[in-house]
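In structure tokens, the next block holds one chain alone, the form predicted on its own.
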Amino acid sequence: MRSILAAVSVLALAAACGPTEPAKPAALVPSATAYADLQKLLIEAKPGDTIEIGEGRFDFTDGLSLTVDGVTIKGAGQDKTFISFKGQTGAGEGLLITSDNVTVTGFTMEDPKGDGIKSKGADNITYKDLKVIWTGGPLATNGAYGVYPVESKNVLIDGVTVSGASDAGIYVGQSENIIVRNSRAEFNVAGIEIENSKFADVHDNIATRNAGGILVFDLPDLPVMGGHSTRIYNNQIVQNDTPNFAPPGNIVASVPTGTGVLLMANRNVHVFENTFDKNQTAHVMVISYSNEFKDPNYNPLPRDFVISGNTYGEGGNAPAGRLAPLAEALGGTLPAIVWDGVTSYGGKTEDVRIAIREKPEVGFINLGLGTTPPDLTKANPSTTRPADAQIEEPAAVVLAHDKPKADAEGS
């Protein structure tokens, strides 16, 4: 009788506790089958899944891909989980994501043959606490981009380090609602690049030892154009001095070594409360697109730009690229802020509204080139600042999936 009562008690207790939850999958560990195991997890994932990659070094010879919404790919930490593509046989991405609501976090990727982590058409995506590095240093044979979200809405890049990209370390293109923060870009051609995008906040980053620190521009002949409303603030943009190593023909191959911030053919860009120092060509360059184009919808002029309240150290003392001869004519150096002075193209003239709200001692020059494509031999330089204008600063970018740290730790 007692045994029957005991059995009934056990059954009752089991019923009260409910069904047993399935055991959490163990984190992936380095092994001969790790690549196949990881790609299988990515293919078979369900929305809400977290795929964990454990500590150690994973050597992969092929790229990874994810097409499932709502997945988190999580390593044990930037300095604990290493995914190396040094032996990669193809030229594709290390990781390609084409799904929404994805978080990628907690590992270091090394030496992808192509781009590091690329997401395309992936809305509500988070790149957090990651490194993408090319261990051989800055080489033209390195992949173009470190982290590379494109054609997306609601992009968060937080705590990411990229080194060695032959185009841009941290790149966001043809996207909207973007935050890039707390990140470090070094030894890339372009450190951080916002291209053909709108509503972007780039703040509290370090851009150093690149050819160019932070770039914001529009290009013609792309599915998404008309970039606008970017704020660049509270960044350390210092000692960008790596010789430009972009492959010939690449648009960023024309970025002069030693450019702090380059603003081109975009609208409503605000640069404020940054620290500039030791950028050898110029701290801030505002220019028009100077190549020939046939796209009737493209505007090559910078419009409604505000530069204010920044801190400037030394710089402009060794200008590179096509500005070098012009700098020689001006005494060998360039001031902190350089505007090409282009206000017309294709027979059209615009009031471009460039507002320089810096202290009087901060150097400025308008090269007075007038029209694009510009002819540097016809420069008509002036240190007179343009008349100020009422240009409304864009609102702060807010992302629904950007959880405060305390909420994220408790979730």
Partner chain sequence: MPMRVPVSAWLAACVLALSACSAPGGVRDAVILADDPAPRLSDYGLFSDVSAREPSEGVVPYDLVNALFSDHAAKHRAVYVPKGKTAAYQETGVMDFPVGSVLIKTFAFAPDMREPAKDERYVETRLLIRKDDGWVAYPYVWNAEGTEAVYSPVGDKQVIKTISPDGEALTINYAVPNRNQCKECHSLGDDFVPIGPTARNLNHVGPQGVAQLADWEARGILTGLPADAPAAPSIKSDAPIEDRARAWLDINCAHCHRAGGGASNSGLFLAWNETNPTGWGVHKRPTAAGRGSGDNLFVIEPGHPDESILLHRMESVEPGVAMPELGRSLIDPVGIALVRDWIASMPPIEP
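This one's a predicted model, so the numbers in the text were calculated from it and none came from an experiment. Positions refer to the first chain, counted from 1.
If you look for the form predicted in complex with the partner chain, you will not find it shown, but the lines that follow are about it.
The partner chain is not shown here, and in the predicted complex it never comes within 4.5 Å of any heavy atom of residue 359. At a distance threshold of 4.5 angstroms between non-hydrogen atoms, residue 148 is in contact with the partner chain in the predicted complex. For residue 40, a non-hydrogen atom is located within 4.5 Å of the partner chain in the predicted complex, even though that partner is not displayed. Contact annotation: residue 221 falls within 4.5 Å of the partner chain in the predicted complex, judged by heavy atom distances. None of 230, 177, 161, 174 but one reaches within 4.5 angstroms of the partner chain in the predicted complex through a heavy atom, and that residue is 174. When the partner chain is considered in the predicted complex, only one residue from 349, 67, 383, 380 comes within 4.5 Å through any heavy atom, namely 67.
Proximity to the partner chain in the predicted complex, taken as heavy atoms within 4.5 Å, picks out 109-117 from the listed stretches 233-241, 311-319, 334-342, 109-117. Counting a residue when any of its non-hydrogen atoms is within 4.5 Å of the partner chain in the predicted complex, the one hit in 195-219 is 195.
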